[in-house]
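One chain comes next, on its own, written out as structure tokens in the form predicted alone.
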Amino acid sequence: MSAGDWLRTFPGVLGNEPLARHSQFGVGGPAQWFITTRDATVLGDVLRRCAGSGVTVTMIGAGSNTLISDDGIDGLVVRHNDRRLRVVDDHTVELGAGCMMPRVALDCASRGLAGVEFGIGVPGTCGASVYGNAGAFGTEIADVLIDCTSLEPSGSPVTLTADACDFGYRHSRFKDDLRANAIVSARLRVHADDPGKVRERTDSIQAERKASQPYGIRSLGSVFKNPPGDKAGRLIEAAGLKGRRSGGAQISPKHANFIVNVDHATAADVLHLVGVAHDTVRGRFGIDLEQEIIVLGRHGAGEQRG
């Protein structure tokens, strides 16, 4: 059976699916094939079939730090949307890869479990957060991860401790030698605390986020990594680029390291602003900003996850 034959008949697979509807940023062309999975067994079967038939697999999360090409993505795009949160004990919670981190922070707060309050400021999934070692307001996934489980292209599960993930600033092994693996779950370290006090901390982080970052508008999150000893947003603002527009995209007037979708932006609009910000900062200050957003798809940056 050819790749096209089994994909056309596999339950839940959609052809030529617009990816803008699967991205928080609301931008992206069509996936050649698309499926949402919630069960790791089903995902393992999909990965095995793709490996055996030569179909390229692209895993996506919520699309909060991922820009999808206007021309879409070839092969099969998979969103593993397991949103189950299980309290193992007073020290451990287990999350499906599809759990949204703000929801995790609030659910843990209601249960009197502290340690993941920072998740209220991470508008992405658990799986994507492990992949990119996401963080906010001084805490990142590397600080709280016990271990995570991913599936190899063969569908076989492999569990890695936090140390084995080789975490760095917005980096993990899933961007390097394990980039073909699909993260399906993670266990995070928590501790018991008064629910009211935990919620006070999540509220404080949320208030700080609302005060300092664009809120209530489609955003790609931090566009560039902060260079050592400085802030990308400060450099872009100092270069006079706050509020700069290209088509429907804009460098946020509130925080210059965010690009927002103000009027039906395209990926091309965003990439133009990314280039302007990078080149202007390098020309003015001699600093080569490193991109944090992931670009997926035809004519994209070749990344496989976000």
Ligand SMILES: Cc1cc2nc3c(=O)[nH]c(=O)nc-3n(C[C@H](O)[C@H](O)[C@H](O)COP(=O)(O)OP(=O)(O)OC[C@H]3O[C@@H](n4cnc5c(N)ncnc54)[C@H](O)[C@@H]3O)c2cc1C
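Given the structure is predicted, the values throughout are model-derived calculations rather than measurements. Residue numbers here begin at 1 and follow the sequence given.
Below, we refer to the form predicted in complex with the ligand, which is not included among the displayed structures.
Using a 4.5 angstroms threshold between heavy atoms, residue 115 stays clear of the ligand in the predicted bound form. The ligand in the predicted bound form comes within 4.5 Å of a heavy atom belonging to residue 136. Using a 4.5 angstroms threshold between heavy atoms, residue 294 counts as touching the ligand in the predicted bound form. The shortest heavy atom separation between residue 199 and the ligand in the predicted bound form exceeds 4.5 Å. Of the residues 256, 46, 60, 27, just one reaches the ligand in the predicted bound form with a heavy atom at 4.5 Å or closer; this is 60. The candidate stretches are 224 to 232, 120 to 128, 154 to 162, 189 to 197, and the one lying within 4.5 Å of the ligand in the predicted bound form by heavy atoms is 120 to 128. Contact annotation for 62 to 90: residues with any non-hydrogen atom within 4.5 angstroms of the ligand in the predicted bound form are 62, 63, 64, 65, 66, listed in sequence order.
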